[in-house]
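One chain comes next, on its own, written as structure tokens: the form predicted alone.
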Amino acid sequence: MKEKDILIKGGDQMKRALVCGAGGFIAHHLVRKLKKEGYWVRGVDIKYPEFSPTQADEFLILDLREYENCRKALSLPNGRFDEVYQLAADMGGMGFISWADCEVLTNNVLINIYMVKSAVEAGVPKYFYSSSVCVYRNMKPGEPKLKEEDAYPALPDNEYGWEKLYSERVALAFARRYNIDVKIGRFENCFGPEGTWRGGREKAPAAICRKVAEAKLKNLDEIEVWGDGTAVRNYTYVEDLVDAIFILMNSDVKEPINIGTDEYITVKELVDMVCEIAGKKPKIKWIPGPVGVLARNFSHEKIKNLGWTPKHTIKDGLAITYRWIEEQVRKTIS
């Protein structure tokens, strides 16, 4: 988009948002949400979205681990961005974060320090940071719900959680010293179409959908799943998550807030649900692998008090996700 277009479309009648990590799963959906809300949007990432074209008005390929690139991302020919959504991160499912400690700690900390610093320097008034419930300790099934303040005393289960907690503190430190309104959403497991579904960075719902789809389309009798199926999780459909981000960004909340549903299931129940949706019931071979924490159970009172209610059950979202992943698998074997 030409500079004159930004001058016209980025005026007083249209808010301007920068979405970092817009080549990735959640941020790609967030761009769509912001466009529906009438924003002028610039997306930035080290890659374009993989599965469908971005709806951003402008998309810049930039490595946000470099300070100068963060400044470029925030540069406009007239004025400043009204909002920054920082979702850029080097991350994936447990299969990735279980071994990529150094990459997670180095790359993500660099992005988060340089981006919030650049946002302050550019005079951005509102800043969203995507954190994670990985900041919390391990839990056992049946434990009482953890509230946001229960992240301390801190004991995250992995380095990804420690990085997220540190980056929260960076953002909040800048908020205290400078005139920037920081919002922090602690994401729980998110799933949906157009997310990574193979290659090692996919998360459990996508991996299970892929394995069941392959069993169905290749007429396989067995699939392998990490663990023993007893780990407890909840899963938030991506469109519900981006709705929550938008609601949080337009609230008066100043502290981190959990974003997730109250629908908890075991991994075995997740596998059974996908099999039912697919109409395929392969034998499940439980194998050793990086499963993560034993259980999760969080309070969602704060996000609910802002008026957010998820529109999709886990099964609703899985039905949509499975159909999309089955089509991707079909393309690879046709």
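Sequential numbering from 1, following the sequence displayed. Remember, it's a predicted structure, so these values are computed and weren't measured experimentally.
The same protein also exists as the form predicted together with a small molecule; that form is not shown, yet it is the one meant from here on.
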property: Interface membership of residue 63, the small molecule in the predicted bound form, 4.5 Å heavy atom rule; result: yes
property: Contact label in the predicted bound form: residue 88 to the small molecule, heavy atom within 4.5 Å; result: yes
property: Distance check, residue 47 to the small molecule in the predicted bound form, heavy atom within 4.5 Å; result: yes
property: Exercise: residue 23 in contact with the small molecule in the predicted bound form, heavy atom 4.5 Å; result: yes
property: Proximity to the small molecule in the predicted bound form, single hit among 210, 183, 203, 233 (heavy atom within 4.5 Å); result: 203
property: Residue among 94, 111, 175, 122 with a heavy atom within 4.5 Å of the small molecule in the predicted bound form; result: 111
property: Among 187 to 195, 223 to 231, 72 to 80, 165 to 173, the region lying within 4.5 Å of the small molecule in the predicted bound form by heavy atom distance; result: 187 to 195
